[in-house]
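Below, in structure tokens: the form predicted on its own, a single chain.
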């Protein structure tokens, strides 16, 4: 039975208060800056907010725009009322999903299916086959490298040119070079980021419980995460659902920047000169406030010159798809515009710290016309940094 409008308003009450949704001035600045609304005139962050506050239950359940939001938080940076649209969108999706609403999954729902498969307690994975003899790892210790979904992304998105496992290899080699032998969990699960942000809280919690149990069993005192979504999920969402964690969560670029500045990680050797620009991932940047660490790493690399796009840091533009759903022609427009902006800087390569940025922007570049026009390559920051190790 569908939730009544009054019941929906009650369920969303906490999110409405926490997000400050009632303080909306209806000025439209959120819509004016939204990457989706720029191309899709049927989408407006403000419209979604107003419907939630008014408790328009049936319209929300049937509204495809509930799933169009990228949750990139660009609107938050312009809102004069300080509204947190992410909090509200996450809550709305949880309620709408329970009432039978759902976004359009990309890639035939393969990622969503794999994520749900990983909730099985007795699941045994062969997820460390990518580790070779050039990398030092161990089975228990105080530092865990949380690999995330890279082994699965590698298989699913090979045609985009992305290689999340190259990024994982680069990360381990960088950790080794800094004197760290990380623990890799042989049966680690997806962090659950997409499930949580797409409204499937129950399955998110199932994944989180299993990851937390494995991390505690490993003896971890710190967990280093390369994926921005994994980092934000472990750092923010796990404590929000399960209380204070018994370990510290650090993003890879934070660790590397500190190791470089402390003289524990050095680069050298002959290096090809290259000009790069940096794509700020939404979760690492606007969600977690990490802008400087990736840049400090890039700027420390011999032969590498960093140039900035006009829209960078807090103003950076999302890669165009959130949670592997609702990838539309508007997504491709967002991606093409961002790639052209990157090329206009004079860069040879677009560097990012997010596997999804690499996948989605790489997918756009798989269009031969756009690829020939730009002649741009996309590379993960860990891959670039590892290539500069002495």
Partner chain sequence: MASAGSAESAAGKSAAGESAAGKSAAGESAAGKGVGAAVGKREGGASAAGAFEPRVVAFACNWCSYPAADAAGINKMQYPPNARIIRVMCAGRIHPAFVLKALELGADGVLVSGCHFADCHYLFGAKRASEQFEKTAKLVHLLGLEPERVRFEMISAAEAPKFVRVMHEFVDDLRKLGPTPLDGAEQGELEVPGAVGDEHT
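Everything numeric here is computed off the predicted structure, so don't read it as measured data. Positions refer to the first chain, counted from 1.
This next part talks about the form predicted in complex with the partner chain, which is not shown.
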item: Proximity to the partner chain in the predicted bound form, single hit among 308, 292, 261, 216 (heavy atom within 4.5 Å); value: 216
item: Partner-contacting position among 108, 268, 133, 82 - heavy atom within 4.5 Å of the partner chain in the predicted bound form; value: 108
item: Any non-hydrogen atom of residue 117 within 4.5 angstroms of the partner chain in the predicted bound form; value: yes
item: 4.5 angstroms heavy atom contact with the partner chain in the predicted bound form for residue 86; value: no
item: 4.5 Å heavy atom contact, residue 275 and the partner chain in the predicted bound form; value: no
item: Non-hydrogen atom contact residue 184 with the partner chain in the predicted bound form at 4.5 angstroms; value: no
item: Residue stretch of 171 to 179, 109 to 117, 316 to 324, 293 to 301 approaching the partner chain in the predicted bound form, non-hydrogen atom distance within 4.5 Å; value: 109 to 117
item: Those residues of 120 to 157 which, in the predicted bound form, come within 4.5 Å of the partner chain by heavy atom; value: 120, 121, 122, 123, 124, 125, 126, 127, 129, 151, 152, 155, 156
